[in-house]
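Laid out below as structure tokens are two forms of one and the same protein chain, each shown alone and named structure 1 and structure 2.
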Structure 1
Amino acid sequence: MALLRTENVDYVYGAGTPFVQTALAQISFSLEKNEFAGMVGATGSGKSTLIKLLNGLLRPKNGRVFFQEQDIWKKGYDLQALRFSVGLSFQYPEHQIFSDTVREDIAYGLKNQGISEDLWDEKIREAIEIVGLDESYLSKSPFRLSGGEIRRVALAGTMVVKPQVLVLDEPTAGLDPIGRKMVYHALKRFQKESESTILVVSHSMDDVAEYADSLIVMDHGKIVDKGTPAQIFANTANLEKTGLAVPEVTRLLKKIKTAGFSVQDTIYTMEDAKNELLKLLKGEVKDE
């Protein structure tokens, strides 16, 4: 049983105006419990729109959205409760920051969900640590932070309530390399410990390749490919047609293979690439 799914969903912006724009067409897609999925696609392919449909921020023109097999647009469905279960972190973190202090900002979700104030401090401390900030940030104004710091605060605010499904739109854009790593490690840990489901939209193939169990490829409002990272990256031409690229290590191995060496070129993590190259470089000398 899928935890969250859409059935033939269409979404159109600006219906009835000269600027009508079909953002999604006939999207059927599902997330299983405890899955870590990555979503990739060129700018404008509809990723952010799809994500907003998943927790009821946008209402589809046609088609249906189900959470735990309940139609979220059926009369009487508790959308507020859905938004607690499906946590959304926006592409532009400034848009989800309102408060005077970082602490208040992170506490916002806790307050909303009526979680007892006695528990806040501990949860907030945990959340801020996960994103790699220290407690001195809690009393700061979120409007006086650097871009990467704001991103970290916004992520802490989404993670602190431990939603069943965590949907993140470009969560590591603007983060420094160590911050990216921390966020993905935190998500992985979160997935395991809380058995939660994660959907990450990312332009970084290297990141989703390394951490996601499955990938969804979007192109012009449609899902054009779905599978494990290895399956998706095996077809370079297909990806490039949609404006995407295979991860850097994959591209490097393909290049080495093209240069006449026998290496496997469906590899997409640094560790595997290292081992594959060691096999080649330390390997037996070819008989000529």
Structure 2
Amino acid sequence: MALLRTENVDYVYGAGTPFVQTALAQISFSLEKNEFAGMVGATGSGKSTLIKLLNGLLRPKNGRVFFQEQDIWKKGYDLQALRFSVGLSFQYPEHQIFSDTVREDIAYGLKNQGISEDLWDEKIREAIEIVGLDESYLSKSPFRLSGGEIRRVALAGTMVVKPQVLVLDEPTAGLDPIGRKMVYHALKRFQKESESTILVVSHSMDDVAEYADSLIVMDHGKIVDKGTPAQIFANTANLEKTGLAVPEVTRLLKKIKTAGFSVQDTIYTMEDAKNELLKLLKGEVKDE
């Protein structure tokens, strides 16, 4: 049974005006418990609109959205409770930070959820530790932290309420490689410890290839492909039609194979690519 799913969802901007625009058309997909999924697509493909439908921030024109097999737009459904179960973190979440200290900012969700203040400290310590920061940060101003640190504080603020599904729009936008790695390690740890489902929207094929179990490819408001990273990256031509490209390591290996070496060109993670290239350097891979 899917934890969260959409069924033939359409969404239109500017309905009833001369500027009407279809953002989503017949979108059906599902997320399972403890799945780490990536959603990729060029700018304007509908990704950001779709994720706002998943916790009821937007209502579809047609179709339905289900959480734990309950229609979230059925009369009497508790949308506020849904938004604690399906946590949504927008691109550049640090723009939503406004508290004087890191502790106050992380506690904001607990306060809104009605959690007793007696329980805050334990939950806040757990969240800050998951994202790789120590308790000394709790008394600091979030506005005096580095970009990577403040991004992880924002993540802690979303994680602290322990959502069953965590949806993130470009969680590593603007970060350097070290910052991106720290954010994804925090997400993987959170998933492991909470058994939550994670959906990451990203333009970075390298990041989603490294961490996601499954991928959803969007183009012009439609889902055009779904599958494991290996399945998606096996067909470079289809991916490039959507304005995307395979990860850099996959492109490198395809070029090496074209040059006459019998390397595996469906590899998409840095670790596997390193091992394949080491085989080549050691002479274990011969030219064709």
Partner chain sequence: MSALIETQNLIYRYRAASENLLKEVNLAFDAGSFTVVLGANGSGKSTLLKHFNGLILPTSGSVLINSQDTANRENWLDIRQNVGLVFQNPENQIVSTIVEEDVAFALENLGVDRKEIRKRVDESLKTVGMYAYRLHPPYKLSGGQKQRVAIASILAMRPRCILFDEATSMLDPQGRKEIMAIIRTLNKQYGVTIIMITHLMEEVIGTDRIVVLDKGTVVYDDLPQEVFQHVEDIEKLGLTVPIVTKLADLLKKEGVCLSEDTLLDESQFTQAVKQYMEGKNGTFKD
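Predicted model, so just to flag it, every value in this text is computed and none were measured. Just so we're on the same page, residue numbers count up from 1 along structure 1's sequence. Rigid core here is just the name for the largest C-alpha set that superposes within 1.5 Å across the two forms.
Each structure shows the same chain on its own, and structure 2 is the form predicted on its own. The rigid-core alignment places the CA of N112 less than 2 Å apart between structures 1 and 2. After superposing the rigid core, the C-alpha of D169 moves by less than 2 Å between structures 1 and 2. 17 degrees is the angle through which the smaller rigid part turns against the larger between structures 1 and 2, based on C-alpha superpositions. Here S139 exhibits a Cα shift of 5.5 Å between structures 1 and 2, evaluated on the superposed rigid core.
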